[in-house]
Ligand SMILES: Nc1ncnc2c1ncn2[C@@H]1O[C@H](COP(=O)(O)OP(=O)(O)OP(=O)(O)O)[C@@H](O)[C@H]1O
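Next up is one chain by itself, shown in structure tokens, the form predicted on its own.
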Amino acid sequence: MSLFKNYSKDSESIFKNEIALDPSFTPRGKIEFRENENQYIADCIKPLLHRRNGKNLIIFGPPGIGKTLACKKVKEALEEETNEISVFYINLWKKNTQHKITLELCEQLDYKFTHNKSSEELLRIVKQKINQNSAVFIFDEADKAESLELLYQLTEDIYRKTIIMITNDKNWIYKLDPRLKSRIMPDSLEFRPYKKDEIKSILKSRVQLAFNQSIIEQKAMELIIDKTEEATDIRIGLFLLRESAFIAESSSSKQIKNEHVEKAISKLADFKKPIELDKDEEKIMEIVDKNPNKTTNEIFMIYQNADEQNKSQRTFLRKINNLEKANLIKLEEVQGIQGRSYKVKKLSEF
């Protein structure tokens, strides 16, 4: 029996445009309920249109509320307006070292001769090319970078620029190196979570783009909206719409029903797969769990005493950094007699 017996090129699909349910999809026109934020970002960039230095900006807020989409929309509008401002978007979760960031800048500048050149050589070439115009740098997941030394160099050596940094961590600005913070002098912009009626409008717009008419039952749609509001993450709603449609199609249904959404909800655990930790990271998380509100130095002493191998503080701090990047802990700056230190808190405590 053929595995594709019930498949036919002529059979009608629930989907009209599945791409509209992708989190990275950028709808045409304005972004709903983010007009003020978009204008604020644009205002930071506007001085560049007059060949003056722009304002730097840190954008923060929880995941899945449109921070990246808003910046990409501004990028799109700016590129339509002028070709005298180069716009670079880089996700620092994927390009998390200075060399990777520099190579990505070369790629976006269409500079191909990177082989056998050091990061310093490439960065010098990048600066020369970028300084022919003004520039906007959008660094997404900025808190995930291993080093932000490159930002310091861009601030020093690029004549006219706006640097935009996107993060989920509202306290990240306080953790920046004082030397870098004093150079960048960033403004800040908070993205608030969407309200329920806003979630409803956004998801209904995506439904119109993704599916044929009257494809989803009202009760099923309300369930998806409720789950999205609960998660405060539009990506959850997009996942449920897409997965529910797949489940409906697999059962030869022409409509997405409540039962299909329920099955999709059961798969949310797979959508949010747990992060794999090594033995040291698991041990640190166990110590943090049993010792709330301790500083990194105090956690390190407990960690070191519990481990016969006597791990170095450098290794410990690298593990702490990995846990923070994975959004499992937060480091809260505190001032003490011995100067600045960081209190370690589990994410669930926030």
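If you're wondering where the values come from, they're calculated on a predicted model, not measured in any experiment. Residue indices: 1-based, along the sequence shown.
Unshown form predicted in complex with this ligand; subsequent notes refer to it.
Residues placing heavy atoms within 4.5 Å of this ligand in the predicted complex fall in a single listed stretch, namely 235-243, out of 261-269, 80-88, 235-243, 181-189. Although the partner is absent here, residue 299 sits far enough away that none of its heavy atoms falls within 4.5 Å of this ligand in the predicted complex. Using a 4.5 Å cutoff between non-hydrogen atoms, residue 62 counts as a contact of this ligand in the predicted complex. Proximity of residue 67 to this ligand in the predicted complex: non-hydrogen atoms within 4.5 Å are present.
Remark: residue 141 counts among the residues lining this ligand in the predicted complex, judged by a heavy atom distance of 4.5 Å or less. Residue 168 is the only one of 114, 208, 97, 168 with a heavy atom lying within 4.5 Å of this ligand in the predicted complex. A heavy atom within 4.5 Å of this ligand in the predicted complex is found for one listed residue only; from 32, 289, 282, 43, this is 32. The partner is not shown here, but in the predicted complex the stretch 181-216 reaches within 4.5 angstroms of this ligand through a heavy atom at 194, 202, 206.
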